[in-house]
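Given next, in structure tokens, is a single chain: the form predicted on its own.
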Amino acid sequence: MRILALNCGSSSIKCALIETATSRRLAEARIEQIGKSKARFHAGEKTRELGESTSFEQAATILLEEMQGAAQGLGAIQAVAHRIVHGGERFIQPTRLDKATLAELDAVSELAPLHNLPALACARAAMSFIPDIEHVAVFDTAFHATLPTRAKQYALPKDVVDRFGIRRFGFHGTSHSHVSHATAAHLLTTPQQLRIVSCHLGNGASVTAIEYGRSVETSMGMTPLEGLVMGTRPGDVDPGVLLELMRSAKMNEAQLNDLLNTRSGLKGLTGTNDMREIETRASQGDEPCRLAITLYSHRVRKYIGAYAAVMGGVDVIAFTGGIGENSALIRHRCTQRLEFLGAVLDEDRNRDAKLSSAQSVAQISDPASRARIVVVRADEELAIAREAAVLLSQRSQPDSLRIPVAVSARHAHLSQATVERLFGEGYQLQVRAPLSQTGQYAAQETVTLIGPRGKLAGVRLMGPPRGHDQIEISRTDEFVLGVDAPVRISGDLNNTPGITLEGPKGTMTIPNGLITARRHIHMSPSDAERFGVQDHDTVEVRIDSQGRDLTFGDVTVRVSPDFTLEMHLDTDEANAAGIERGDKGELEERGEVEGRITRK
């Protein structure tokens, strides 16, 4: 599919006509410094000055005219994909644009005024210029829809949070998603096998913890102001500073907005937000520039260490964005003293790293480094086009395709050695009832879980015994026991807590294996083919029930020849949605794959 990707920033627009089947760029152009005296158009060898009176709508029209001309002989533009920074609560998937959608996005634009307002202006101009094709919005915040509650919640009163919709959203999601997939491909693996700290360092900058393909922490918050030192934003600031400025300097909302969005960060420290100029001046002895580099790299390094702790370790530290890709000095500064994480920079590789369309990833870590350090070529336009293509190429699923829903109460999978410790030497589990998954059964036996705060008796064992102990509980059970069980897919037991088990013949404490099971769907390869999904895809499930409609996000698809089609929820989730025995679901694609459960 030939998709024109429009990537609108705060002062620029980049666009590329991309054949998504081959990832080939057929044409590209950009306009920089929009609204300023240095505004300039670039397309291949062509370049011209535009002047400071050029608006974003006019800039978009210039680029659309250029791309339509370039497309002649290549085939017509089939769709336009637009990068929108902030999608708010509502937009967490690529979405077709229309007047109603644009109006909804207008309502959240104040959360990212430097980016959303220009992007929506460009979208309206493009929809007017090319009205007869699909226009799709791809959101920077969407990749962070998987943030757990502990990462997206601010410690503010519930009534304030609910009234004003306050939460952490995160940004640069399209870039961080591209980093995870490009890095995994370079290392001949999948994102689901890696813990990545992704550092997008440009005029806007953020760090994201990507744990096995999912964003679990990110440095930007409800708006792009939180986190790292940036080109014109200060990043993390004590809120008391702002209160003091309101009191002492009598700053109003507009003045604070201007201070935080356009006059701080590198520009506030040095007078410029161009890191190249800052590095040059620093090398000549300019102390404010030296301080700016120190502050900038210190904040990045602090977040890298914090996010490694969040994930219980790190496999890859990745740099992307204009500064991340091009500044060997900043990469050097940001990776100093990370040897305790197993991350050791190779100075020669770092200095020599060069990226191109042919080499989009360069490894700059020492060959003996346990954690890899890489530089990834940013290609937001390709990522935007690909996400739009998924939405536009979706196919309807047959009405006959249904997904049974199973409610999974707390239970335990134990090794034979643990079974014998709790029930006696040579003990064999007794079958109580077969389960839907081939060869699996609920056993007659139960155990008691003992936590720091309380106990849970009658926890059913599942058979046959496994190679490793695994205990699955719900969030409610966590509070009863006084434990923190991470949300994991079955079998992913690294860095999980342990628990004490009590049986009729003994008591023992397992060192790890306590989890809250990630909601998931089992399916065979043939079912996966019919649904158009793959192993480890993430889907959404909307439950349609009488008065208790609910959407479940982050449902993982598990594919195996041994699996029977079935979705698994724990008791908390099932109760919240009012699920009853025999409920079934339907899966349909919507941008990324989205699932929907309906009563039949």
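For clarity, every value in this text was computed on a predicted model and none was experimentally measured. One rule holds for the numbers: they count along the sequence shown, beginning at 1.
Not pictured, yet referred to below: the form predicted together with a small molecule.
Each of 204, 279 and 321 comes within 4.5 Å of the small molecule in the predicted complex, counting any heavy atom.
Considering the small molecule in the predicted complex, the lone stretch of 271 to 279, 216 to 224, 189 to 197, 367 to 375 in range is 271 to 279 [heavy atom distance within 4.5 Å]. Under a 4.5 angstroms non-hydrogen atom cutoff, the small molecule in the predicted complex has residue 326 among its neighbouring residues.
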